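Just the one chain here, laid out as structure tokens, in the form predicted alone.
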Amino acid sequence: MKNEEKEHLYKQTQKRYLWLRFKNGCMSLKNSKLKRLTLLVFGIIVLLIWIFNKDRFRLDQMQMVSPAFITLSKLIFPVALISGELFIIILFGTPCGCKSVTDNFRRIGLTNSAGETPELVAKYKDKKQLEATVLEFDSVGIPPKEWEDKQQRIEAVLNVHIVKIREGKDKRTIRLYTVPASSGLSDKNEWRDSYLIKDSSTLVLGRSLLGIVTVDLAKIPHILLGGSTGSGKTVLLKTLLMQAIRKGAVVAIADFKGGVDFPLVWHKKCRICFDEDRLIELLTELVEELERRKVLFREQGCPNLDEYNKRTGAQLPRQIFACDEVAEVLDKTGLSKEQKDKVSLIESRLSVIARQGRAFGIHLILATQRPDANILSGQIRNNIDCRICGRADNVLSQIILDSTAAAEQIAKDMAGRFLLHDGTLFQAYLINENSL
């Protein structure tokens, strides 16, 4: 691109920024009494100066002064008033430090093909999560993927932690949700009973930079936990199941890792199976319960479990099936025909629950190191919207989250640190199993 073309684009961009700042300044006036008062005081000061000094500017009584100059002199104060107030409005709409941010972005190469750098157009507190400061940028055509790829560099030059990156509805803005660099996730979070949320469907996952992270099974019915060995999948699984049990859910666990991860206290609170035949029976019962609930809900005209319980007072519990290492159950490598048939039966039962379980309060929580196509079929995987990845390499992160974000954001020696499908990084809680 020629220098003349770049200069033309630069001027156009600067005009757009000026307009954006004017609009933001008008919005800030609408929301701030202090700013409105400042603008009013400025207008009064200019008016008073004109009133007390108007005799000095009576040029029409002076000789040798042209009529044009006299007319122009009379416009000095109106022009000063309007120009000054416009300047103040634009100043109100200009975020503090925007020039420094632009220079820092140029240093790390966050520019478009014309060499333009994103401009900070707004800075404000998030209404829902007051811990977060939102930095809103005119993206100058730089797509969200490039912002995500340069996230660590952006954090370094802005001295912040970026909690999430969101594209605006107009596709021309990018919002960074940030917290100060001095804030950070703890390497270890102990569970407290006060964290337990009262409603039957919401489970606490852990703590992010913005506070407690939750998942609502009424909206996102199934959960997939992935990550390398030692990443903390079993700990997070236990935390979720403990909460479900305390909320009155019926929990069944398939443990094909030798049973060492679930001591006797778990056997008293939920059903645990260790072989394929018992697992088939358990999943068959869940599918039959799903079909039974279909009839009940249809007869009452209820679309989901919460509505049915509210209308009838029946208090049907949520039912959760959890598998600590689903690869041990579904991997068909090296199996005989009879064993493969059993695995296919298990897979079909899981598919039914994955597709239909949400409305009827029957949920899956599946943990595995590598949930690729050889382990989880498309029917199961495509119906699990909540995906959580612990410590992983690029390939594993791509399999679980469809991105390499977990490999980039979670240190290789970090246990209990997870990345949610929506980009939320959190530290899972550690529970005391004796208090189950």
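What you see is a predicted model, and the numbers here were worked out from it, not measured in a lab. So that there is no doubt, residue numbering starts at 1 and follows the sequence shown.
Below, we refer to the form predicted in complex with a small molecule, which is not included among the displayed structures.
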Among the candidate stretches 263 to 271, 314 to 322, 80 to 88, 230 to 238, which one is within 4.5 Å of the small molecule in the predicted complex when only heavy atoms are counted? 230 to 238
Does L20 reach the small molecule in the predicted complex if we count a contact as any heavy atom within 4.5 Å? no
Classify D187 as contacting or not contacting the small molecule in the predicted complex by the rule of any non-hydrogen atom within 4.5 angstroms, answering yes or no. yes
Under a 4.5 Å heavy atom criterion, is L425 part of the interface with the small molecule in the predicted complex? no
Check A415 for me: does it contact the small molecule in the predicted complex (non-hydrogen atoms, 4.5 angstroms)? yes
Using a 4.5 Å cut on heavy atoms, which of Q409, Q369, S28, Q398 is close to the small molecule in the predicted complex? Q369
Contact residue in the predicted complex, from K219, K340, K257, R106 (heavy atom within 4.5 Å of the small molecule): K257
